[in-house]
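What follows is a single chain, given as structure tokens, in the form predicted on its own.
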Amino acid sequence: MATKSTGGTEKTKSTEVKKKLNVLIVDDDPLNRRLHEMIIKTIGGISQTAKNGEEAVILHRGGASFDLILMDKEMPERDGVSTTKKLREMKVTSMIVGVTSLADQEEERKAFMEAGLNHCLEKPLTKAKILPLINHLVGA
């Protein structure tokens, strides 16, 4: 089931976000979920995880909302493309960032973007890759 983790103290340096960012991490790989949680925590954000797209949809149906969703592409039960499409159909306005090892394959990336992503990043996700998007999101 979904898990929740809170970040540490907030800092206003350029390497930190200025407000608590609420992030949903959707990935079937426990190692990737943990890595993404650690990145969000280091920038002062709060994260919740879902093991697949279906869990992400259920969270939103239950009233959860997030500033940012980090979405893996290939997952069991409901993949990132169909999850992103479903969330957009549900009028979810969160920034959705695809995180995939397929980011460099143009056809796959295009299909993922057309599902409703705001951005697509290649694994492994790093603080340096995600921080510009987060700063843009929070208006830093």
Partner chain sequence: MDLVQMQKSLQDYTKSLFLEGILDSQFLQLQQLQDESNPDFVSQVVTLFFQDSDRILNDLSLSLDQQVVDFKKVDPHVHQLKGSSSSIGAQRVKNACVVFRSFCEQQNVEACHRCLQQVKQEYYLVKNRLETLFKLEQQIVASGGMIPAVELGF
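What you are looking at is a predicted structure, and each value in this text was computed from that prediction instead of being measured. Numbering follows the first chain given and starts at 1.
This protein has a second form, the form predicted in complex with the partner chain, left out of what is shown; the following refers to that one.
Closest heavy atom of L35 to the partner chain in the predicted bound form, within 4.5 Å or not?
Contact with the partner chain, yes.
I'd like to know if S101 sits close to the partner chain in the predicted bound form, meaning any non-hydrogen atom pair within 4.5 angstroms.
Because a heavy atom of S101 falls inside 4.5 Å of the partner chain in the predicted bound form, the answer is yes.
I'd like to check something about P124: if you look in the predicted bound form, is any of its heavy atoms closer than or equal to 4.5 Å to a heavy atom of the partner chain?
Residue-level check for P124: yes, a contact with the partner chain.
Does L68 reach the partner chain in the predicted bound form if we count a contact as any heavy atom within 4.5 Å?
No.
Tell me which of 48 to 56, 82 to 90, 27 to 35, 110 to 118 has residues with heavy atoms within 4.5 angstroms of the partner chain in the predicted bound form?
This holds for exactly one stretch, 27 to 35.
What are the residues of 37 to 60, in order along the chain, with a heavy atom within 4.5 Å of the partner chain in the predicted bound form?
M38, I39, K41, T42 sit within 4.5 Å of the partner.
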